[in-house]
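Okay, so here's just one chain, in structure tokens, the form predicted on its own.
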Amino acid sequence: MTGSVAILGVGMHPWGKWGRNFVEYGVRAARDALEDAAVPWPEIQFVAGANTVRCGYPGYVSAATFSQALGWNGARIVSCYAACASGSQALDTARMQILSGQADVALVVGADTTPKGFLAPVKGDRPDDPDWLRFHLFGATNPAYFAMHARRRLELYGTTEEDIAAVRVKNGQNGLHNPNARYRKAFTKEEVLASPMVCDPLRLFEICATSDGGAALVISSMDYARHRGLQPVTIEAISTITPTFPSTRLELPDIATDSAAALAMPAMNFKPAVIQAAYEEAAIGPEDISLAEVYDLSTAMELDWYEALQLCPEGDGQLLLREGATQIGGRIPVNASGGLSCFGEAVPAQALAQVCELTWQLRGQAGQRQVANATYGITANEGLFGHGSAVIVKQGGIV
């Protein structure tokens, strides 16, 4: 089932380490999105919540948690978990309710409160849990596997440590102008390279932190938007595909790859396939994209997404960066928001936050980080255990 749905409103709770209940962040983002949409809460017919596994039982039933906090209104609900792609899964579920005619207007919310330090596996002895195994079997903490990805780039493609630092410099300059970003500071390349080494070759300023934060969207059918006299930004595609067997490129927490001895290799690896599915649904190509928000757990990973988005051939991501194409004012700005390096991870909210940024950009409301003449935007995200995530949005009119 395909078709456009309207983005009527977006809202965000600023990222940081606030130490409060995640519900507070989600409710703030939801109320801002409702106000932005000029839709009263009692009119919402469907609520999709992106789950957090760190905040007790309320986090596992996030749609009910947020609905109760806003005041029960009788809406249908669903709660979604897909690791870092949870927000996209929740958004896609709400979109399908609208496209199927089950609802005219929906609210999608994600929020998180994170512990100090990097994310850890679920507690207890869990030898049948691949996420637990990657920590305990060979010490692949998040910074460690970020570093493995980075080292692979350096060895295969001629990417340099200066290139990795340059991504952080670019994103820091963008985040400086984002009031919702946690880290609003510009860096020089020399300052990034002088920051402490965390996991070779990645330094402190090149790895995203864990953060508290929330994001929300109000979406509707096109008929609902037209009846209100609006020409809103629209969602044209959402890709949530899984890998195709045989998967021969390691994607943690998996610690082995499939054999390609019996079956032919798929046409694309997982990340490019996620993006291609979105392009095909929206009936556009990479040449149509004006800007992208991508999943930069480390600054080196941003370069991988340039290639998955088909903005350049595989291995040439650093060349695109060096020519200035991904800066604001360049051919295809990437992470105009500042990216995760400026926000940090608030897992259920981050895929929704990417769509919020694209909405502001396509409305012309992004202030000093505004990308000129933007018509199409795309997000790229990935959750562990094969959760792909890409959303394509299209410029409409001023809400």
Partner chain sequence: MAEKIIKAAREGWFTLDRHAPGLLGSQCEECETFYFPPHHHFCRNPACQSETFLQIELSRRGRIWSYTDARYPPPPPFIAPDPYKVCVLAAVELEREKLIVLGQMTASTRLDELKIGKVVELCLETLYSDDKHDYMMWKWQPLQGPAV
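Please read these numbers as outputs of a predicted model, since none were measured by experiment. Numbering follows the first chain given and starts at 1.
One more form of this protein, predicted together with the partner chain, exists but is not displayed; see below.
Interface residue remark: residue 226 is not counted as part of the site for the partner chain in the predicted bound form, having no heavy atom within 4.5 Å. Of the heavy atoms in residue 209, none are within 4.5 Å of the partner chain in the predicted bound form.
The closest heavy atom approach of residue 185 to the partner chain in the predicted bound form falls outside 4.5 Å. For residue 286, no non-hydrogen atom is located within 4.5 Å of the partner chain in the predicted bound form, even though that partner is not displayed.
Contact check for 160, 315 and 330: none of the three has a heavy atom within 4.5 Å of the partner chain in the predicted bound form. Checking 259-267, 213-221, 228-236, 289-297 against the partner chain in the predicted bound form, the stretch whose residues place heavy atoms within 4.5 Å of it is 259-267. Checking 280, 190, 155, 323 against the partner chain in the predicted bound form, a heavy atom within 4.5 Å turns up for just one residue: 155. For the options 133, 75, 83, 241, the one in contact with the partner chain in the predicted bound form, meaning a heavy atom within 4.5 Å, is 133.
Residues are counted as partner-facing when one of their heavy atoms sits within 4.5 Å of the partner chain in the predicted bound form; in 119-157 these are 120, 121, 127, 128, 132, 133, 135, 136, 137, 138, 139, 140, 141, 144, 145, 147, 148, 149, 151, 152, 155, 156, in sequence order.
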